[in-house]
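Only one chain is shown below, in structure tokens, and it's the form predicted alone.
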């Protein structure tokens, strides 16, 4: 049974249609990337999963339960977490305060302390900077903090929106390696929206391609990397005959 399914999801912002009845499915333990240009519906899809946007029709099933009308806190408590675009850490707060905010749905103080220790063990740099103001850290360190904050809720699925945005090429490689490690070591399912399609597909198991609210392609990551339509539109490569598909 799949971990999460979106069935015929439609979303509109007023008169503007953002999603036109899309289907998406993720199995437990997968990394799935969501590709597409600007205004394609990528972020809307992720916000719909998180309950930040409500569909006008369609259904969302999570671990066998329909959650279409669930509020965001209930979804987080059930095991869905987020690493938002541009990290969105709380700059004036310390590293540890940011991490504790990630556990706001948990009422078990012992479990919170255990998860905090696990994050410091996984990300030693955060342990070294636990009393440092988060806004004074580098972009790579802030992304590390955003990952650790998401893990504080004990998620089974993490939705990541542009996790490499604004980072240097070296840090991009480090962040993608961290995502692959989280998936491999902890078995966490990851849905990743990423502009750098080739890099995203290099660590993903499968991918979906959106265009103006429609799901136009899906498949194994390796297949999408070799697909001329993906190469032309999202990887910046020219199709051999020079034609646009």
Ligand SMILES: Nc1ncnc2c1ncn2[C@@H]1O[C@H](COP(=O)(O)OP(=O)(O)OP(=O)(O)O)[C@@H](O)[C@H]1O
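Numbering follows the first chain given and starts at 1. Owing to the predicted nature of the structure, the values given are computational and were not obtained by experimental measurement.
Same protein, other form: the form predicted together with the ligand, not shown, and the subject of what follows.
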To verify the annotation, which of these, 118, 128, 85, 97, has a non-hydrogen atom within 4.5 Å of the ligand in the predicted bound form? 85
Answer key: of 186, 52, 39, 216, within 4.5 Å of the ligand in the predicted bound form (heavy atoms) is 39
Using heavy atoms and a 4.5 Å limit, would one call residue 162 a contact residue for the ligand in the predicted bound form? yes
In the predicted bound form, does residue 196 have a heavy atom within 4.5 Å of the ligand? no
How about residue 18: is it within 4.5 Å of the ligand in the predicted bound form, going by heavy atoms? yes
In the predicted bound form, does residue 43 come within 4.5 Å of the ligand, counting heavy atoms only? yes
Heavy atom contact within 4.5 Å of the ligand in the predicted bound form, the stretch among 65-73, 196-204, 31-39, 178-186: 31-39
